[in-house]
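Listed next as structure tokens is one chain, alone, in the form predicted alone.
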């Protein structure tokens, strides 16, 4: 089965951009010209242009037309899986603690809640072949009657922890990464006896109203993690 015509429009314009036939700032052929060239309706052309805009190839100026977007040369897509990375895989997790706490001012501000609202704190250790490789802390907004099943929490990813209250596909996620020197507690948990740095990954999960519902902070031994990204 042949691809829909709007997909052909998308691929043809992508080819012209990628071959530099169309350069950043150049005008994309107007809708009327594309309708005539491909023998389709304006609606079909607009569907193709919308895909190109969503993928960052073009942008539109009301009343003027569409133009080739300047590429974001410093933009990368980073793949992050807290249980697996290019040089290591977590094969076990041990639950250290699950408790309901009152957040301090910083945590309350991060979760956009008040200090008198309960928060679930989950602390775990991640292991690879019996060696501790990461110290993990999660904070989730608590609601009355919310089930806390320790056996399920122990091996779950962050997204799986909130999947009962919200579909995973509806989650919005943000991530920040930093190198940090471990404190005494984390050194003890991860069997660190020298100045080995940690790679600390902080995840924030948001609902479809862009309200935070959880924060996760995973501190990996620097010799057990590698992150990769691409500009594709």
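Everything numeric here is computed off the predicted structure, so don't read it as measured data. Numbering follows the first chain given and starts at 1.
There is also a form predicted in complex with another copy of the chain; it is not shown, and the following applies to it.
Student: Do residue 198 and another copy of the chain share at least one heavy atom pair within 4.5 Å in the model of the complex?
Tutor: Flag for residue 198 set to yes.
Student: Does residue 159 reach another copy of the chain in the model of the complex, with heavy atoms at most 4.5 Å apart?
Tutor: Looking in the model of the complex, residue contacts with another copy of the chain include residue 159, since a heavy atom lies within 4.5 Å.
Student: Although another copy of the chain is absent from this view, report whether residue 172 comes within 4.5 Å of it in the model of the complex, heavy atoms only.
Tutor: Although another copy of the chain is absent here, residue 172 would touch it in the model of the complex, with heavy atoms inside 4.5 Å.
Student: Is the gap between residue 40 and another copy of the chain in the model of the complex 4.5 Å or less for some heavy atom pair?
Tutor: Because no heavy atom of residue 40 falls inside 4.5 Å of another copy of the chain in the model of the complex, the answer is no.
Student: Of 60, 164, 191, 176, which residue is found within 4.5 angstroms of another copy of the chain in the model of the complex when only non-hydrogen atoms are counted?
Tutor: Of 60, 164, 191, 176, the residue with a heavy atom within 4.5 Å of another copy of the chain in the model of the complex is 176.
Student: Going through 69-105 from first to last, which residues have a non-hydrogen atom within 4.5 Å of another copy of the chain in the model of the complex?
Tutor: Read in sequence order, the residues that approach another copy of the chain (within 4.5 Å, in the model of the complex) are 69, 71, 72, 73, 74, 75, 76, 77, 78, 79, 80, 81.
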